[in-house]
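First comes one chain, alone, set out as structure tokens in the form predicted alone.
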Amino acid sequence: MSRFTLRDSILATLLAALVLSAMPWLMSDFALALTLTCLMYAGLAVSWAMFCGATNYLSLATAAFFGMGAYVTAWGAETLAYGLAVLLGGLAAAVFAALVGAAVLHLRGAYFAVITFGLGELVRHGITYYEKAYAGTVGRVISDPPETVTIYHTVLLLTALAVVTALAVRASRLGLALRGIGSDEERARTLGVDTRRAKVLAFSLSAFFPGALGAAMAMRWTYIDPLSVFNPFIGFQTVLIAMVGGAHTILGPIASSVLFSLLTEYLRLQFPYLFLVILGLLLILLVLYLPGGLASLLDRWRWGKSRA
């Protein structure tokens, strides 16, 4: 990616964020809530694809990072400013990811996926035990949350930062190293790439945004418990959105997050008892017949146009 292209992509991201920042005064409460969900999953999917899309690692730890950020807000809501709680939530997730990454990033494939999923469950049970033993409760009520507009703008800012960071990483030496790891890690190592350092750094960076988004969304939900914020569905849905959109791209997960969120909401309203079954079947068909995600359609169109 040239500097000109990188600059244009960043400017386009900032312009889109500026336009979306006016939405709270133009939308109904329902539409605003739906837009907030789309933005949250866009940030989660882009940050997941920033590491996993380039390296071909399958991480299922998104729910763990999200939940950690949410509990930073829950524990510090009465003493920390909202912005500081969001920042600390992201930093806590990034530090945790660095420690975990240093220990398990030598694994690949199903082993890495199972380990990251298990770590999420471990953190969930650990926080549940702590809350029961020392707080005497499992759930936490967040009193005096900020206005919905403030939360919306926070999530919008975090999502825009995730996109800009992904663009910058993709155009950097770190992005080149990650793509080399995804193609052939052994060969990348023989060519002088410090694969361990690159993986830990990128994994930690990609964990910051789920942690920060979890901290921001905890204020939106006002009541959280381990089952809700460490919900595996959050992690699985993030992975599916990124894969359906095209995990090797940046625009793909963003477009997929919008389509996926709207489709989920429609199916939930129209088929409340069958929407997960229908959604699962649609995703299976997409994975079977469109393995490259929605972004592959654009690649096919470009290829066909070049041949014409």
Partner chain sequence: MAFWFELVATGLITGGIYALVALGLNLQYGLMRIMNISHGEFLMLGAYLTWLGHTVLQVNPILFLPVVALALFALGVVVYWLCFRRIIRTAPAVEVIEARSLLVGFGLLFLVQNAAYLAWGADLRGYSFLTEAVDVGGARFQVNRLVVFAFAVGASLLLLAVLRWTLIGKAVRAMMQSPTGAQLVGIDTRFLHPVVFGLGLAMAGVAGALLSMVYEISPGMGEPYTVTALIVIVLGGLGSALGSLLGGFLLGLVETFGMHYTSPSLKMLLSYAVLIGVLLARPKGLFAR
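Computed from a predicted model, the values in this text were never measured in an experiment. Residue numbers count along the first chain shown, from 1. Rigid core: the largest C-alpha set superposing within 1.5 Å between the two forms.
The same protein has a further form, the form predicted together with its partner chain, not shown here; the description that follows concerns it.
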Check: Counting only non-hydrogen atoms, which stretch in 112 to 120, 207 to 215, 188 to 196, 162 to 170 is within 4.5 Å of its partner chain in the model of the complex?
Finding: 112 to 120
Check: Would residue 19 sit within 4.5 Å of its partner chain in the model of the complex, counting heavy atoms only?
Finding: no
Notebook entry, point to check: So in the model of the complex, does residue 233 come within 4.5 Å of its partner chain, heavy atom to heavy atom?
Noted result: yes
Margin query: Since only the chain is shown here, I'm wondering whether residue 284 would be in contact with its partner chain in the model of the complex (any heavy atom pair within 4.5 Å).
Written below: yes
Next item on the list: Using the partner position in the model of the complex, report whether residue 107 sits within 4.5 Å of its partner chain, counting heavy atoms only.
Entry: yes
Next item on the list: Select from 243 to 277 the residues with a non-hydrogen atom within 4.5 Å of its partner chain in the model of the complex and write them out in sequence order.
Entry: 243, 244, 273, 274, 276, 277
Check: Core-aligned, does residue 276 move its Cα 2 Å or more between this form and the one not shown?
Finding: yes
Item checked: Rigid core superposed: residue 251 CA moves 2 Å or more between this form and the one not shown -> no
Margin query: With both forms fitted on the core, check whether the Cα of residue 267 differs by 2 Å or more between this form and the one not shown.
Written below: yes
